[in-house]
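Just the one chain here, laid out as structure tokens, in the form predicted on its own.
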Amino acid sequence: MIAGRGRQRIRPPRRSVAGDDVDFEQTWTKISAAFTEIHTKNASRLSYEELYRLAYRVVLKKKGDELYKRVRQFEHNWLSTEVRSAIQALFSPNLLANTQGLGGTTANERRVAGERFLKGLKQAWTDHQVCMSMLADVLMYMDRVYCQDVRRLSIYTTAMLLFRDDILNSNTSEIDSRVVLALLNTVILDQIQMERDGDVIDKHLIKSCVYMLESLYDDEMESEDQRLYNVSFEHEFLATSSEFYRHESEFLLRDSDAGAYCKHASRRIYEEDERCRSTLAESTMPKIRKVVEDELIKNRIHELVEMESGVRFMIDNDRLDELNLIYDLNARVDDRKTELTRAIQKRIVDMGTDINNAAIAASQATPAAPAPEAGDKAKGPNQEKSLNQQTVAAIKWVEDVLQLKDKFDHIWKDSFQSDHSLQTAVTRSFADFINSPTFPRSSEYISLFIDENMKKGIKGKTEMEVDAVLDKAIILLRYVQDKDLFERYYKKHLCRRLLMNKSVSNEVEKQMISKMKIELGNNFTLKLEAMFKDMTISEELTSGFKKHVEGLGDKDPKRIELGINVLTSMTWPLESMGSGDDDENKRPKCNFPMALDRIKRGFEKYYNEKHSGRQLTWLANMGSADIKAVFPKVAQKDGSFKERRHDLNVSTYGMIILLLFNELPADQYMTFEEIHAQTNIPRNDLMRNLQSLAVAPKTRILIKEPMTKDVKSTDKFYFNEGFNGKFVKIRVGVVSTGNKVESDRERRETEKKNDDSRGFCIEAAVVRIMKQRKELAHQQLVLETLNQLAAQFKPEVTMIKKRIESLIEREYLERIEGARVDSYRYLA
């Protein structure tokens, strides 16, 4: 329909004409002559009012059917002769050779021939529309009366169908069975292919031909899905595009890298969208986009991801822009980003496994034998290195994991647009390698990392930097599955920090526990908070006992000052402070010297007055003492003699050992067995303390015979009157492993204790569930138990079954006889 149609106002004829007879043939001759003038663009002298009256009379005299047929036949003849011959004149050899696939023509020759054909066809269509618009105005009364009465298509619509049948569906020649519509499709597709290859085409011309195809229908119902554009061109366009992009994807995968492929695919999608807007129909946009996405992405995404230059290469070389491209492409064809997610997870697990293996290799390296700890000045760098070799490896594992986490957080934020599903996948992958069965030390290593930072890692750091360190530890803690095992190690390390005053800041310690409470809940931090409460109470007890002693009478200058830590036995992991093979309950009581025993009994009396019904167990292995040591006079450089005095900081055991030599003459000795008999110190602890006092080169308060590194039961010990320390204050450190990675034997013991604790947790969970549910099937009970304990640890199903059996034996539960599935009943 052209602009201007229907604007002319034609006055209806006077009623007097209704009675006149109409000579149809004569009238048709006038009308057909006028129609010829209109088609030949020579209609300026025609009277449209007269033509309208002629057509009006014919219809009024009930000859509308004949007029309709004559007009239709006129248009058929005109299109079949005049217009068709003009169209056939456009079929140049270059055009026909290209559409027949004969080749031998250049792209420019094809473009020129195609544009000539498209211009001619566009002109024929435009002329036909203009002419039929004018004819429809002349035959308006026929359309409104006759066509509506007999339910025929309007003459304009009929003429459009005639253009489809007589022009577009006509053969290109008598010897060529191809129709003009197929030729038109081929030419447009060839023009589009030229543009894909980088040539410039006349987009407006093609758009005009597309409008023509959108205006014509394949049937007379004129339904949207039966447009010629959809039925004929679009289907062929999508099929050829699919084949083109299939071949292009094969070529790109073979000859380019993954990054270039992603950029090319993104560019192709953009080009096709723009082509639909400027050259074709916008309704084709989602369809061609799907074709491109299927051929370049969906069908090739696995190969793209797995390319040598694919996701792994991009991650390793920080190609964030390319990762963003591959994320965008994968998201177009798969909401779950399955292939990208799989590749990311695999790379995280692989890199994490490498970190695990490096840590295992470092832990299995043969360390040098530990040397005794001396004063701060006495500890040599080589000794410290050998002592902390495995601890350093453990801390490096944590730092490497954190560095890996930072790397993938950066990728997730910048390349993956903070995608929630990919965040979940990354979290799962980190949890997989951190909790790998082949690497059971993650809980211990994370606790060691926190321990190292609490002791010296936060020195000199600002509050924000301290927060960052704590947050990193919490991040790793989220991934740990066996949080109960982490709690056991953390309590052990915290115990050492508090009792040995190793922590840099108690405020930071409490801040860390607060973060754990937020992350893991109150139950996780109850005992940790109780440890700090014990330390506060101990300070108050020490202060109160000191005032109590001062109130007894005159101050004794030789009286020993006592500092006490009273620890709740169920809260503190006191076994971790021992020698490793002596259980707290089996540890023999140490024989204190008389002066110490007197003050010990004094404190017990004071404590029992304040707290009735409590029993104090003295743990000498965990204490320390400051003692003044006086060594015999020696000659000075000026010829005078001067005593040597030193303030020695030793363990409680070390103090008890040294006090034995107070009354011993200088030339006499004590054997290892004699010292053991008098002190009742456990043999392992005694050996370690004697090593510190007699073997360490800078703290040899005693002389050992024979002078060997190891202490044996036959060794003799003398007081070293010739000891000469460089400093007044000397710290005699006990040969100890400190907070280092556990040996395999120690780890087995820790796991055994942890399994025992888990048994109680499982039983408590089962009882809670059954108390609420009364009766429950076995599988359901196991499932609910797993869910309840998931926040603490993941128990093995066999362990749950054993605990259920134990509860049945102790008559907490009973089996339900005759049930279809294994079920239990709670016994109140």
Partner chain sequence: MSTMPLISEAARDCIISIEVGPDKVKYSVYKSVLMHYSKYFHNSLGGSWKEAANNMIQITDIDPSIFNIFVNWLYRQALPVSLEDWVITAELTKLSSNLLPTQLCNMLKMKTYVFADRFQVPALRKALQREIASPNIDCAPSFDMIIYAFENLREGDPILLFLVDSTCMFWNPFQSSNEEKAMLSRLPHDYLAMAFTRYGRLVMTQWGNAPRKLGDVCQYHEHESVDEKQACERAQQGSQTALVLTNTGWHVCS
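On a predicted model such as this, the values are computed, not experimentally measured, just so you know. Positions refer to the first chain, counted from 1.
As for the form predicted together with the partner chain, it is not shown, yet the points below apply to it.
Although the partner is absent here, residue 316 lies well away from the partner chain in the predicted complex, with no heavy atom inside 4.5 Å. For the chain shown alone, residue 144 is a contact residue for the partner chain in the predicted complex, at least one non-hydrogen atom being within 4.5 angstroms.
In the predicted complex, the partner chain stays beyond 4.5 Å of every heavy atom belonging to residue 28.
Proximity of residue 209 to the partner chain in the predicted complex: non-hydrogen atoms within 4.5 Å are absent; the residue sits far from the partner.
Screening 70, 53, 778, 773 for any heavy atom within 4.5 Å of the partner chain in the predicted complex leaves a single hit, 53.
Note on contacts: among 62, 801, 768, 794, the single residue with a heavy atom within 4.5 Å of the partner chain in the predicted complex is 62. Contact annotation: the partner chain lies within 4.5 Å of heavy atoms from the stretch 135-143 in the predicted complex, the single such stretch among 724-732, 135-143, 462-470, 525-533.
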